[in-house]
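What follows is a single chain, given as structure tokens, in the form predicted on its own.
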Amino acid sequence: MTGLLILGGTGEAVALARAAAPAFAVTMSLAGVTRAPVLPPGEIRRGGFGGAGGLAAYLRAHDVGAVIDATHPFAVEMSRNAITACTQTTVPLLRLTRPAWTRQAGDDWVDVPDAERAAASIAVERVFLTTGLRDLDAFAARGDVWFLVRSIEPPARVPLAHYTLIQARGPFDEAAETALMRHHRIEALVAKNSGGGATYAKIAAARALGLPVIMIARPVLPEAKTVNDIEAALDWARSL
């Protein structure tokens, strides 16, 4: 049975692992950032590999037949390491990534390349900040802004002068997101263009409320064969 390593961290990775389990010896690799992630059946590996070299050594040692990179669209380092390691070991690699969100009628987006530019673009006093805990430092200098911060995990520290923290895991629905923004008198939303349906409700809610969205663009990754849905990923793995 072919060994299939799925680099996880997304709902798509979990769904792929479940679908692939009958035909492949699946191992799901997780970075370990989320303490209580949703897990598929099968073997789970937690923690980093030690860079591209460590991943290459793992692929050789465990006789991995194929790798599917189903990490978050903003997990730049892991995706780059996967390309390098698979090139070094000649292990086939596929990237499974959800399509990015696109503007709809009524959207008021400010497109920015990174969190630092997003912080500089804030022109209101009350902001719903949904970029994840790793990017909070980029907003620390904005002492003139109150932030509503949402995260799955409790942060070790929050470097913001004025904020309220809520812990929640998607999927979210538009009615609840709209009510949340109204309750906290939100004037703008800051989001990463993660794509997918689990967190899109905040984008729809901002549209309905007429709020601007400061949208952080996806990072540019090295070229790799890419598909956007689980069935296409399975077809690729079966064809090897």
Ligand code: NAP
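Predicted model, so just to flag it, every value in this text is computed and none were measured. Sequential numbering from 1, following the sequence displayed.
Below, we turn to the form predicted in complex with the named molecule, even though it does not appear here.
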Among 181-189, 196-204, 49-57, 210-218, which stretch has residues with heavy atoms no more than 4.5 Å from the named molecule in the model of the complex?
49-57
Between Asn81, Thr89, Ser151, Thr97, only one gets a heavy atom within 4.5 angstroms of the named molecule in the model of the complex; which residue is that?
Asn81
Is it the case that Ala75, even though its partner is missing from this view, gets within 4.5 Å of the named molecule in the model of the complex, heavy atoms only?
yes
Interface membership of Arg117, the named molecule in the model of the complex, 4.5 Å heavy atom rule
no
Taking the named molecule as it sits in the model of the complex, is Leu7 near enough to touch it, meaning that at least one heavy atom pair lies within 4.5 angstroms?
yes
Does Arg45 reach the named molecule in the model of the complex if we count a contact as any heavy atom within 4.5 Å?
yes
Taking heavy atoms and a 4.5 Å limit, what residues of 123-151 are near the named molecule in the model of the complex?
Arg134
